[in-house]
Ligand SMILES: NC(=O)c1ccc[n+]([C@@H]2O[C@H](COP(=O)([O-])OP(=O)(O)OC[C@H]3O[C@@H](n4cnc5c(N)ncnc54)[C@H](O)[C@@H]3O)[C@@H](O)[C@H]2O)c1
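The data below hold one chain only, encoded as structure tokens and taken in the form predicted alone.
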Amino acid sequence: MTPVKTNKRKVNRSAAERKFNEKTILITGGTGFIGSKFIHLLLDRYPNIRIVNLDKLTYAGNLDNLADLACDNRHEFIHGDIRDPKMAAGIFGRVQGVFHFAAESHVDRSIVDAGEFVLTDVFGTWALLEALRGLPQVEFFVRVSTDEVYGSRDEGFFKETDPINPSSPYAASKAGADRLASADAVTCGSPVLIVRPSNNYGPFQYPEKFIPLFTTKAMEGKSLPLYGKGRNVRDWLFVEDNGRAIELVARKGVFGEAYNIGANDE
């Protein structure tokens, strides 16, 4: 995987503000772990931005992640489902950019109930892309995918040009949505950008994920569940670093392209 490098240098305000400031941005799945952190990033950086947060509030969504924004009139929460094309179309008419985080996102649950992943990740993305068509004021549509669409490899990094070879229903649903987004960019000229981050971690992550799961089980003196012999290696990316990279892709990415995001920290 080829990491997108980010750092904490001062933002080029002239370039960034032209892209985000004074605009209304739709974020799907904004009460989740990564989406809520991204909302905070945008509101901290751009004083005149407006955020529309569309979220179904599934088990992994938590409005407490945004409790500090209760009195911030730049943030608007809408309780809704991305799989509803009419709702999406109504929101798209008043935004200038989209960050699509909403997804079912746990491998184990995808094995038990793959259908829900197909409906949310694939059909839900289709519904959003349908709403996007014919709306020239929407300047970009960033689809947040995963590096798991590539499958596994023995050594080295995946590159964006490597073939997609998902190995779980979760990864397959993400790959299917990626292909829909790419096809929409080719067929309709939609301003689609795809990002494929590695494994995120950080504060307020839902406890089913690896790091909080092992931490809480260790604190409780319980056994730690490992797949196989426990020799699998993953790249771990701090959630705020991921947010900065996603913002960078939205500002400087080439429509129709996919961008891997990693920390080079296996």
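Residues carry their position along the shown sequence, with the first being 1. Worth saying up front: this structure is predicted, and the values here are computed from it rather than measured.
What comes next is about the form predicted in complex with the named molecule, which is not displayed.
K.L.:
In the predicted complex, does every one of G35, T58 and S198 come within 4.5 Å of the named molecule, counting any heavy atom?
P.N.:
Yes: each residue has a heavy atom within 4.5 Å of the partner.
K.L.:
Within 4.5 Å, heavy atoms only, one stretch in 138-146, 183-191, 160-168, 67-75 touches the named molecule in the predicted complex. Which?
P.N.:
It is 138-146 that comes within 4.5 Å of the partner.
K.L.:
If you check in the predicted complex, is G80 within 4.5 Å of the named molecule, heavy atoms only?
P.N.:
Yes - in the predicted complex, heavy atoms of G80 and the named molecule come within 4.5 Å of each other.
K.L.:
Might A103 be said to contact the named molecule in the predicted complex, defining contact as any heavy atom within 4.5 Å?
P.N.:
Taking the distances in the predicted complex, the answer for A103 is yes, it comes within 4.5 Å of the named molecule.
K.L.:
Considering only heavy atoms, tell me if S110 and the named molecule come within 4.5 Å of each other in the predicted complex.
P.N.:
S110: no contact with the named molecule in the predicted complex.
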